[in-house]
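Just one chain follows, in the form predicted on its own, and it is written as structure tokens.
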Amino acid sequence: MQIRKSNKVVVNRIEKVNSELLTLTYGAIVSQIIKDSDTVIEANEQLEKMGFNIGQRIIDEYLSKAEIKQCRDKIDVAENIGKGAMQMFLGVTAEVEVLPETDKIFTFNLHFTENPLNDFVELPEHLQGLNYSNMIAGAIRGALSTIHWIATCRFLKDQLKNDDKTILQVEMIREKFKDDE
């Protein structure tokens, strides 16, 4: 994978934001979305939508600062998301578990042992259906859409719901164009 060689150099070149500031700001955004939403499902959709819009914009920054011209294959894409982009934007890495490909759908899981967005957060009982970090899922989906992958992302496990780690599953398929066979 291309990013491994320069990961520390790239991360060191990025201006850092205090993790507590990020956590508290994100918490305020989530709190406002919950207040503005009629249901937890609607709040999840809004977080994902915001993340999608962010992902469409930050992929350019990631690709330029990581000096990536092209990923070699789908596994390289997954590794760049889990190890490169997560480190660059959230200060954490995720272990990448590649699952068997079916019907041209490439699936991988991102295993997070820590998630800075979860710091200082406890979900009350009535919000157990909330995917608190759904903005991450949306950002991944948005970034992949920019490079012509159709993706779905869903949380399989979440530390906020008393799981030992957070697992985000990503399924992606190459976007078809009119001239494609």
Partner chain sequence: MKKDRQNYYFIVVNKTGGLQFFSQLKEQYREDQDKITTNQVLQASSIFYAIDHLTQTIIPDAIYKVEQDKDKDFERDNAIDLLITENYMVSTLKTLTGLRFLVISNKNLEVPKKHEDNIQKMRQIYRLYTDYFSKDPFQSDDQPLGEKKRAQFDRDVRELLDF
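Not measured: the values here are computed from a predicted model. Positions refer to the first chain, counted from 1.
This next part talks about the form predicted in complex with the partner chain, which is not shown.
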Contact check for 83, 165 and 169 against the partner chain in the predicted bound form, heavy atom at 4.5 Å: no
Position in contact with the partner chain when the complex is considered in the predicted bound form, options 30, 151, 59, 117, heavy atoms within 4.5 Å: 59
Exercise: residue 41 in contact with the partner chain in the predicted bound form, heavy atom 4.5 Å: no
Close approach of residue 71 to the partner chain in the predicted bound form, 4.5 Å, heavy atom: yes
The partner chain contact in the predicted bound form: residue 63, any heavy atom under 4.5 Å: yes
The partner chain contact in the predicted bound form: residue 77, any heavy atom under 4.5 Å: yes
The partner chain in the predicted bound form - contacting residues of 125-151, heavy atom within 4.5 Å: 146, 147, 149
